[in-house]
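Single chain ahead, by itself, as structure tokens, in the form predicted alone.
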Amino acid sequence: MLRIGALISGSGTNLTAIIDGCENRRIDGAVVFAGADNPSAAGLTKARARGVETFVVDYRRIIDEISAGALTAPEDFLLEDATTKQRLFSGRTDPADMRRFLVSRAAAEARLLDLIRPYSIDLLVLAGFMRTLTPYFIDRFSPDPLNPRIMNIHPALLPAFPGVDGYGDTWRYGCKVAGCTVHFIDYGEDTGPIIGQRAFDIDEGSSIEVLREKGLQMEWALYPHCIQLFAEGQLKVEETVFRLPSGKSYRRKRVRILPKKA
């Protein structure tokens, strides 16, 4: 049985869908904890009501303590390594701002890792977790990019509209189709290899609220489905080289869905 850990920041609707999937056997697994970066996240109450253990790593408090000099980065944090690997910032980012971000997140992520480690989970799912994981966390929890163990759901059809408001960005752009994406996490923002997507037409004159509600309904079905594919060993990440007619080439990690084992 797959041991699943979840991280949330808010209402926990996707967390509830995953717990439901485990209980109704759509997922061969169990959610063993729900962690949050926000002490007031409503999803924590939902998790406890379902018998799931919870914890909080208060990111805001940790960031404030780093800024005040009351807390430092973990001893095993290497700024140069994190800076080299991260793909969250543009080349115009102030190096001091980048350093502050990476140091404060590493301090919070070290606490996350300490709390997660005793559960010995197989898969970590981000279910509305509004914090970007840095190389510090990824390299310690999921170090093999061809065997990733961190999954996320995003409210847009990636690679379009990464970031915090995928449905809003889709609606404001005037797209005719919207949807959601489940993907593995890498060093970028919503750039990891895609596992599954679902889409729907946007009706003319439809409001952003209607778009979000349709999207959420699809999320609650897609996420458990992708987790079950992971549980059954049907997800294989492959690195592929694409060569263009111009002679240029680029590498991309893609997820292949393997046939279900008999």
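All residue numbers refer to positions in the sequence shown, first residue = 1. Small disclaimer: the values here were computed from a predicted structure and weren't measured.
What comes next is about the form predicted together with a small molecule, which does not appear here.
Mapping the unseen interface onto this chain, A127 counts among the residues with a heavy atom inside 4.5 Å of the small molecule in the predicted complex.
Taking the partner from the other structure, the small molecule in the predicted complex has no heavy atom within 4.5 Å of any heavy atom of F141. G163 belongs to the set of residues with a heavy atom inside 4.5 Å of the small molecule in the predicted complex.
When contacts are judged by a 4.5 Å heavy atom cut-off, G10 counts as touching the small molecule in the predicted complex. Checked against the small molecule in the predicted complex, the candidates F77, Y187, Y167, F101 yield a single residue with a heavy atom inside 4.5 Å, and that residue is Y167. Residue in contact with the small molecule in the predicted complex (any heavy atom within 4.5 Å), chosen from A199, A30, L216, V210: L216. Residue heavy atoms within 4.5 Å of the small molecule in the predicted complex occur in exactly one stretch of 79-87, 170-178, 155-163, 106-114, and that stretch is 155-163.
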